[in-house]
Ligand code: GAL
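Only one chain comes next, encoded as structure tokens, the form predicted on its own.
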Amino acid sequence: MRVSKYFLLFCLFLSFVTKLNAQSINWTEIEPGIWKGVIGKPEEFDLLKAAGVQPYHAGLQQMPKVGFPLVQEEITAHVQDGKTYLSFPLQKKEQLFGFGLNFQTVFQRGKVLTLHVDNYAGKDNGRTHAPTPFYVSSNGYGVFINSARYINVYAGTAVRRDSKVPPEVKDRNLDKTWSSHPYSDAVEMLVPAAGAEIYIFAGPTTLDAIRRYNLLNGGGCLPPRWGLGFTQRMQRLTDAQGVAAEAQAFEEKGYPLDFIGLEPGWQSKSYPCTFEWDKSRFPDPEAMVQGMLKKNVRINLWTNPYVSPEAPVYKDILPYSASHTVWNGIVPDISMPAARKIFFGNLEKGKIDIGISGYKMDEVDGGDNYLWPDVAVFPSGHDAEQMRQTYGLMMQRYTSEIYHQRNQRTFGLVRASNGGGSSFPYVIYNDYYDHRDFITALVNSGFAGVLWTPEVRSSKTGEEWLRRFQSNVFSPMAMINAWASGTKPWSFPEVAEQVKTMANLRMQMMPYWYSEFAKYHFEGIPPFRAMYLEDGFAGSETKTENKKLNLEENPYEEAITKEVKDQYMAGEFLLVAPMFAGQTSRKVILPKGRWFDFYTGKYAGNGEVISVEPGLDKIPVYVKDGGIIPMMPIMLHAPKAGQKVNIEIRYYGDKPGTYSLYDDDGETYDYEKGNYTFRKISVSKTNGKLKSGITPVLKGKPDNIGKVTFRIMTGQ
């Protein structure tokens, strides 16, 4: 009896301590459907401050009016020993998405992660190029933690003693439904700081929560038109003559080309970098750059930020650098204005000011064996962990600002990003090279507020080359990266014509891609996103992959939940289902509603699983009923500002359809001043006859659209 009494007193004491440690969170609605909560004393330097972006209020004001999407009292937090403990409620049938740019998994429930900027090393454990501390639920809400720290995440993995809905206790000896991962009703996070800002995003749909997140971060990026064309990155030691020859070969062979990327050899020395032109390979950089611009081909430069002792800026920036070096190059503390003035001023002088269109920012992500360690000291006082989490963000921010001040849009590549980076005109890439995982990353990019390119570098066969190229065309940046191999689009003669057809298709679809990126900016809708964000898509969440379990090797191994990670939505109307080397057929899961073949307009199915054999020449693509795809003629380069282009509007199915066709000058930031237009296209079909129209251009607004024609793709 005495033991029971003391045990009861002990439990009451623990309950009292838990409530004492828990701190109330005051929620403030800062934008429609977005609430901010503060716990403890958040650090001054965080992700949103590093990104320096402002919410796109106009877009947020257009979002549906909604209430707080969770029970506020069920979100708990407390600060203890300089760490912040967070807990968010989780219902039994919820699925979770996000937690950064993952490469192998879409479903994140049941994961233990450490969100840590790093180069991807083949496992979804939180260490990735964009470990965005943002997740969304299938119940239609999102959560973002604004902290520049390595955050530990337990996404429905740990069962609390005080759980409101605890899992059922089962006997492993006799109950075959026993699980080594019992149900948990909480998402818990540990932030190694004495406070944090928490943002909650309402829906009502999961896509709406993502839209609010992107709009809070300034809206998605709107690239220049030329950024959506085709890019070829050169072999690393190419020279000015090689650049001219490359552009000439593309033109003679009839392959489109909008910008050429120069790799490390443009600099006199790299690893560490001098940031100066190599005069033996590029004796007159300005003449080379301007000569290419006259041919409508832009130049993009590779760099990393690590400053060589032989760099002209070395002595000036040395006082503003970290305690440790990378490849014997100093690391500028670009969180400091003085360091930024020197470093980014050098990227502008003799580069941007002679016409360089953009940068590829390499090695700002990780590799613990070569990047600065967590014991490094930075003169700003920001510690190495904070700098690791934000360096890629800041590289994007401060190069973008140079172009913005010039009223000149850019589009580049970067190896790291994080929360707050949605609006930056950069696409993530890496050194990993798995085609299937590249597509999964493209699926997940829409959950992370980033863009991702499944770039093409090399292949063992012509079949693999074409398959990689096909999916690359249906991505944010169509690119061959030949820095090591020197490959060209025509490197595999047996598929050279098919590759050219796909490259031409990329150009033909530019009005569609450009309009979808405009929606990314103005409405926050990711242009490439998971099927789970599409209305009518059920997927196969309840099924599990057939897997033979070996409980001798791993007593806690369990079947893996089946995910749909090899098909995705591209813009408003297109479903893309890539093929991989060795495949002759594949299954495609169609959402509810009628879907049609993109190439022929033929009916494909309605809410069913279909098996397709597209042949080598095509990547399976489907258009939803009522879909409208604006196309332009094949061109070798993107249209220039003021250049009128004819548009063919392709209409699929029988359902009446509408589409918002975006137009601006394609090169400047004048759209921020209202100098743009969305023209509404409407199409319907009655008894096989087409009724169509497009709204006129308002006086004083951009008008780069020439003759408009309509084409019925279905039922001809």
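The structure displayed is predicted, hence computed values, not measured ones. For every residue, the number given is its place in the sequence shown, counted from 1.
Not on display, but discussed next: the form predicted in complex with beta-D-galactopyranose.
For beta-D-galactopyranose, fitted onto this chain by superposing the C-alphas round its site in the predicted complex, the count of atoms within 2.4 Å of backbone or C-beta atoms is zero, giving an open pocket. For residue 401, no non-hydrogen atom is located within 4.5 Å of beta-D-galactopyranose in the predicted complex, even though that partner is not displayed. By the criterion of a heavy atom within 4.5 Å, residue 204 is excluded from the residues contacting beta-D-galactopyranose in the predicted complex. Looking at residue 208, you'd find every heavy atom of it more than 4.5 angstroms from beta-D-galactopyranose in the predicted complex.
Within this chain, residue 264 lines the site of beta-D-galactopyranose in the predicted complex, having a heavy atom no more than 4.5 Å away. Proximity to beta-D-galactopyranose in the predicted complex, taken as heavy atoms within 4.5 Å, picks out 426-434 from the listed stretches 80-88, 172-180, 426-434, 442-450. With the partner omitted here, the residue from 409, 468, 127, 360 that has a non-hydrogen atom within 4.5 angstroms of beta-D-galactopyranose in the predicted complex is 360.
Taking a 4.5 Å heavy atom cutoff to beta-D-galactopyranose in the predicted complex, the contact residue among 298, 415, 565, 637 is 415. Using a 4.5 Å cut-off on any heavy atom, the residues of 471-488 that reach beta-D-galactopyranose in the predicted complex are, in sequence order, 481, 483.
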